[in-house]
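This document starts with one chain, in the form predicted alone, laid out as structure tokens.
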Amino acid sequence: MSENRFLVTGAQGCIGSWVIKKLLDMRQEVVAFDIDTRPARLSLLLALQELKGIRFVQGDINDLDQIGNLLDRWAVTHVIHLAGLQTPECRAQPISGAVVNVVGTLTVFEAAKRRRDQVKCVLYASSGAVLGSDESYRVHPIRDDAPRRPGTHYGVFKAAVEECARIYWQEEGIRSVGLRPPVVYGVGRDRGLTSGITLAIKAALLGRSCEIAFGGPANVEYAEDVADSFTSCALQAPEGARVYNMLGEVLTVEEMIGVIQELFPAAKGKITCAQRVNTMANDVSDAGLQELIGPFRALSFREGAQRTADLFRTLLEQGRL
């Protein structure tokens, strides 16, 4: 086994589940932390025997003592912090959103600060939501260091987290990497405003109707590719407080529906989308990320949708969907 030990917060979420799968595939030791005790998404990606090999811990991300004790007990060397509330929850309950997304991240950094000789890096989820719309920028593609112009509470909280990480490096020498996932899709993506893309693939397989809650162009990336970037950045543990854009493929929701209908011809006319446009910037550069972890090609939506459909089909055949 590796000498690295990872604490993954928000382990039961979509990205968290894919990150844990990736780490296990790499034979890394993992402690999975979440307020939820049910491995609903992980059970879609891992066999029962693999699930039994994970150390699951239930708790509150704002509990500094508990986070610190976990780092001590398992001699954690890397933290991948994914715990947080998504856009709809932050819109409906902004105070709770700030407590979980901002204060919770400060808790992780404070715990790491007290163990700076042990914890090599904090890798955390920022979001493409820290940027404004494509139209609000003159220079394209939009760079990592472009001005932040969030249009939601969720985006504001993530922008604050990026600044907090910068101060922890500046004043405490805590290494961190913040990644800005775009619209993520894949098995396990069942919550949040943009989960409709994944739900539409599932609905098409089952012969059901589905309306995606937004339309227009979107930067979309397959969940497994996102997990690859998170784990690779954590292992690099570069100096500084780095923040990187992520880029999958930019296409319209209407084009995505066309791809889904090609995979499932019987779904024609059953998958629709709302007129509301997702205002998150799409024309971003991921040159910084590629420079850190090496050149890579994210899956096209056609490839990712096919993989998602295949995994859903396998789960259906096994009675696990």
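Just count from 1 along the sequence shown to find any residue number. If you're wondering where the values come from, they're calculated on a predicted model, not measured in any experiment.
Below: the form predicted in complex with a small molecule, not depicted.
- Using a 4.5 Å cutoff between non-hydrogen atoms, Y168 does not count as a contact of the small molecule in the model of the complex.
- Within this chain, G68 is remote from the site of the small molecule in the model of the complex, having no heavy atom within 4.5 Å.
- Residue contact check for A204: none of its heavy atoms lie within 4.5 Å of the small molecule in the model of the complex.
- In the model of the complex, the small molecule sits beyond 4.5 Å of every heavy atom of K113.
- Only one segment in the set 84-92, 137-145, 209-217, 247-255 has any non-hydrogen atom within 4.5 angstroms of the small molecule in the model of the complex, and it is 84-92.
- Residues N4, E50 and V122 are none of them found to lie within 4.5 Å of the small molecule in the model of the complex, as judged by heavy atom distances.
- Comment: the small molecule is not present in this chain, but in the model of the complex one of V177, V108, L131, V184 has a heavy atom within 4.5 Å of it, namely V184.
- Exactly one listed residue, out of A241, L199, C164, V100, brings a non-hydrogen atom to within 4.5 Å of the small molecule in the model of the complex: V100.
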